[in-house]
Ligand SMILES: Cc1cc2nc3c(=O)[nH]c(=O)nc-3n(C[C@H](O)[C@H](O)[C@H](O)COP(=O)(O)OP(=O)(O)OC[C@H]3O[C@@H](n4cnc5c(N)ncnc54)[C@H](O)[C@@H]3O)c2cc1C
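Quick heads-up: it's one chain on its own, the form predicted on its own, in structure tokens.
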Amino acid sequence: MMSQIQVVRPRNLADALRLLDDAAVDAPLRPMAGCTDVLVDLHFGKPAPAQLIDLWALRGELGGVRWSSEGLHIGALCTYAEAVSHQRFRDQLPMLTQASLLVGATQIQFRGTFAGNVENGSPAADATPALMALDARVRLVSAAGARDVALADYYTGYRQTQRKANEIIESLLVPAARLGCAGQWMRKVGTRAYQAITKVGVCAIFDWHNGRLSDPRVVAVSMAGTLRRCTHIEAYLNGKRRDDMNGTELRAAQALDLQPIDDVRSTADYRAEVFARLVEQGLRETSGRGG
């Protein structure tokens, strides 16, 4: 199967964007870098892309992390191991650090990239929901220029994104306001502690001020065909004290956000119940941290 796939290897980012633009209409190129998803898809018999564009050699232009007045820029080809090697990254983004250390085994963490995790579009992803809870934005680039898309709006369906055939992800931006923010919280429920696909998960920002929740974020993992921001839950929680919250009302808000899926890993009823308990656990565990 691999012998039938054409792979092009650009010399630099400009060359990559030209190749993508030239191929976009007739035979789009599928970007790859760490290749941790492409090879898995082929192993399980999924249709092989006719042409791949190998971006791994562009890590000098598309890798690394960089702080600016805007926030933290995570290069598309930054690996999980590279990111968590920075003390400042670990200090300011404990939730994303935890998620990065849950991605596969050590070998995957040294090859897998943040952009690959985002673009793969799995509703059970590890790093992407943490980025979504942190209000991250996706920087897409093409030969025509660049555009930013909120990660919460990036998915249009199961494993479908807003990226056009002539674009690649250049970086991910975590805004400055979210760096070091209080209340970063995540839980992943799987069949075992490590190297397991998420059955149900939550990534959240539960930031308490004077005993009240301020501008919370709740992202549902493995609950729908895409990762999902739970805006009704967020609206219900915003401004409330811990003692003001009502479990029945919270679950009613959850029902407006989520209609859980049934699949080989879990039932919809199981997912709904566990997700509700995880949100309640997160609220309990973070309520003592705020001012």
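All residue numbers are counted from 1 along the displayed sequence. Computed from a predicted model, the values in this text were never measured in an experiment.
Only in words, not in the display: the form predicted in complex with the ligand, which the text now covers.
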{"query": "Heavy atom within 4.5 Å of the ligand in the predicted bound form - residue from L55, M223, L237, C230", "finding": "L55"}
{"query": "Residue (of R187, R137, R163, K199) lying close to the ligand in the predicted bound form, criterion heavy atoms within 4.5 Å", "finding": "R163"}
{"query": "Residue contact check: D37 to the ligand in the predicted bound form, 4.5 Å heavy atom", "finding": "yes"}
{"query": "Distance check, R30 to the ligand in the predicted bound form, heavy atom within 4.5 Å", "finding": "yes"}
{"query": "Close approach of V103 to the ligand in the predicted bound form, 4.5 Å, heavy atom", "finding": "yes"}
{"query": "Contact test in the predicted bound form: G112 vs the ligand, heavy atoms, 4.5 Å", "finding": "yes"}
{"query": "Segment assignment from 207-215, 179-187, 163-171, 82-90: heavy atom within 4.5 Å of the ligand in the predicted bound form", "finding": "163-171"}
